[in-house]
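A lone chain, given as structure tokens: the form predicted on its own.
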């Protein structure tokens, strides 16, 4: 695999990052994930804008190399050869020789990019495929989930707990209100309205989430960015999970409950999936 590291495209086994990088010692960095279909980045500018906002919120200087990001990703796409790929872009505050909570002002950010094969959404070819299984859990994460930081312990902790059953996604809630998934945003269909948690709840401002909201607002469907209670979530007619690599996918199993099944052509999520033209 070919990767990008601090101005160079090189083989993965030749890439070297110092163990004194603050991304390693403090998880002091941000990341972004951008899908690419036939070497065309999907919603590239929106992803780049969010990346820069995450850097700004952590007071990490924006590396000048981001001005060339699209061409770098294009070159990586060609070198790694997969028809469809997703790019993982990680930027840390940089290497600091002496471990200290306070960063030195003159250190330079570390920029690392890799790409992997991107499988197409399986519900495109098989809308009758079994839906996702999810588990509800109390949200224990820090209160700045609006920043796409590399500090994701709260997101992944439960999925490694051997005492809990394996599910496709964990849905976090707090004080009886749904927030988001561990790696996705959430929509529900209830009483002919589409509800999704508000960004005021300090959830991640999902690029795919915003894309879907914009598309739906051009229709006669009502879309509300609002609080979604646990009771509403449990009584939803449809539950959708959205992300940059998964597009939109339906939930079928919520804890021990199975959502009622319908004919695939009756599902609204399937209509929304048609907005993704690659």
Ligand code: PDD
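Since the model is a prediction, treat every value here as computed from it, not as a measurement. Positions refer to the first chain, counted from 1.
What comes next is about the form predicted in complex with N-(5'-phosphopyridoxyl)-D-alanine (PDD), which is not displayed.
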Quiz prompt | Which of 217 to 225, 65 to 73, 249 to 257, 46 to 54 sits within 4.5 Å of N-(5'-phosphopyridoxyl)-D-alanine (PDD) in the predicted bound form, heavy atom basis | solution = 46 to 54
Practice problem: Find the only residue in 109, 181, 131, 197 having a heavy atom within 4.5 Å of N-(5'-phosphopyridoxyl)-D-alanine (PDD) in the predicted bound form. | Solution: 181
Practice problem: Quick one: from 114, 84, 155, 121, grab the residue that has a heavy atom within 4.5 Å of N-(5'-phosphopyridoxyl)-D-alanine (PDD) in the predicted bound form. | Solution: 155
Quiz item: Within a 4.5 Å heavy atom cut-off, is residue 94 in contact with N-(5'-phosphopyridoxyl)-D-alanine (PDD) in the predicted bound form?
Solution: no
Quiz item: Might residue 148 be said to contact N-(5'-phosphopyridoxyl)-D-alanine (PDD) in the predicted bound form, defining contact as any heavy atom within 4.5 Å?
Solution: yes
Exercise. Examine residue 36 and determine whether its closest non-hydrogen atom to N-(5'-phosphopyridoxyl)-D-alanine (PDD) in the predicted bound form is within 4.5 angstroms.
Key: no
Exercise. Would you please decide whether residue 177 lies within 4.5 angstroms of N-(5'-phosphopyridoxyl)-D-alanine (PDD) in the predicted bound form, comparing each non-hydrogen atom pair?
Key: no
Quiz item: Across 195 to 217, which residues bring a heavy atom to within 4.5 Å of N-(5'-phosphopyridoxyl)-D-alanine (PDD) in the predicted bound form?
Solution: 204, 206, 207, 208, 209
